[in-house]
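Quick setup: one chain, the form predicted on its own, written in structure tokens, and binding and motion questions come after.
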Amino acid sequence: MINYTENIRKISSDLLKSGKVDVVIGYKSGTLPGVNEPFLAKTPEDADKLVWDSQCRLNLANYLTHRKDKVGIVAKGCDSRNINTHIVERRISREQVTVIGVPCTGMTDKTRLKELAGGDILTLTEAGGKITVKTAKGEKTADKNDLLQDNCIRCLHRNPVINDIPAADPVPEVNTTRNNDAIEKIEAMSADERWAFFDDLLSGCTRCYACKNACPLCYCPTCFVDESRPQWVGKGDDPVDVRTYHTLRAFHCAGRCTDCGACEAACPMNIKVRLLTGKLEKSCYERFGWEAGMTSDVRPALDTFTTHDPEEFIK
């Protein structure tokens, strides 16, 4: 990926020095190669710790909820759309947020990186569209495009849709089709086949809630999984409870999900939970012409009602 790090550091330092923001939410290098961490820079000196590369997977909009201070935030395309959702849902006001927009050419998939390395990654470098990983056995290099997360391969909005201070010039949008072969394959299955498919998909879930905790849309004061009066879902690993958790969480994100991939990036079991939210994204666009986070002026599709809404489910 184009090296935006120096631009981000300078913009962030200037914002903090001027007092325009109290904090800049960005990324710093993680304790392990290939895993960058969210970081809150509160002083111009802190800004020197900010980094940007293809390992900035988590969605920083997750750190905006209910903040009272003035915030700068580093945002790629999907993050910027979640910022719009936070504004329209009144989690934070537009006046509080200064968006440092980062045109994005995709984030690497942690599983694909691990497969490339074939062992523990000691160092990871990125240059000229190539990713090089070093292990105890030697170095391996691959094209970054061969290591991207699935959501990045399908991304329709690589450039931020809300962008106060650009960190770089826009990058070309490369994907123009909304076709989702994985979703369409599941749609073509019979009901029994779909049941078996999702049973197998979710069988490895340990209910660690990493997907929920990484999601910028999961900010309810009390999540339904923690409710006890009434109790919506059991706490164990019973398959019914696992299915209930994932289904209800997906519907809570319907019309709001930007397919940022944070849920799958955080999952320690590599469960493709985007197959649930992806179907709902597809339905929202086909039925309502709605794409999440493209504006901060309109409520999400399932948060509004018009007399022209499709009603074929009513028999």
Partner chain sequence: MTDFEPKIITFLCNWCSYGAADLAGVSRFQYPPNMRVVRVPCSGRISPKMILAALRKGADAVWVSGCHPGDCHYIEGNYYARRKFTLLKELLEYQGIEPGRLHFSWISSAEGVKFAQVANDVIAEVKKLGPAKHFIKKTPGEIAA
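Positions refer to the first chain, counted from 1. Note that this is a predicted model, so its numbers are computed, not measured.
Separately, the form predicted in complex with its partner chain exists; it is not shown, and the next lines address it.
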Next item on the list: Answer with yes or no whether residue 247 is in contact with its partner chain in the model of the complex, where contact means some heavy atom within 4.5 Å.
Entry: yes
Notebook entry, point to check: Does residue 129 reach its partner chain in the model of the complex, with heavy atoms at most 4.5 Å apart?
Noted result: no
Check: in the model of the complex, does residue 204 have a heavy atom within 4.5 Å of its partner chain?
Finding: no
Checklist line | Heavy atom of residue 243 within 4.5 Å of its partner chain in the model of the complex | finding: yes
Item checked: Listed range touching its partner chain, judged in the model of the complex by heavy atoms within 4.5 Å, from 208-216, 188-196, 171-179, 74-82 -> 188-196
Item checked: Output flag, 228, 280 and 284 jointly within 4.5 Å of its partner chain in the model of the complex, heavy atom basis -> yes
Notebook entry, point to check: its partner chain isn't shown here, but in the model of the complex which of 124, 148, 92, 233 has a heavy atom within 4.5 Å of it?
Noted result: 233
Notebook entry, point to check: Counting only heavy atoms, which residues in 283-309 are within 4.5 Å of its partner chain in the model of the complex?
Noted result: 283, 284, 287, 288, 301, 302, 303, 304, 305, 306, 307, 308, 309
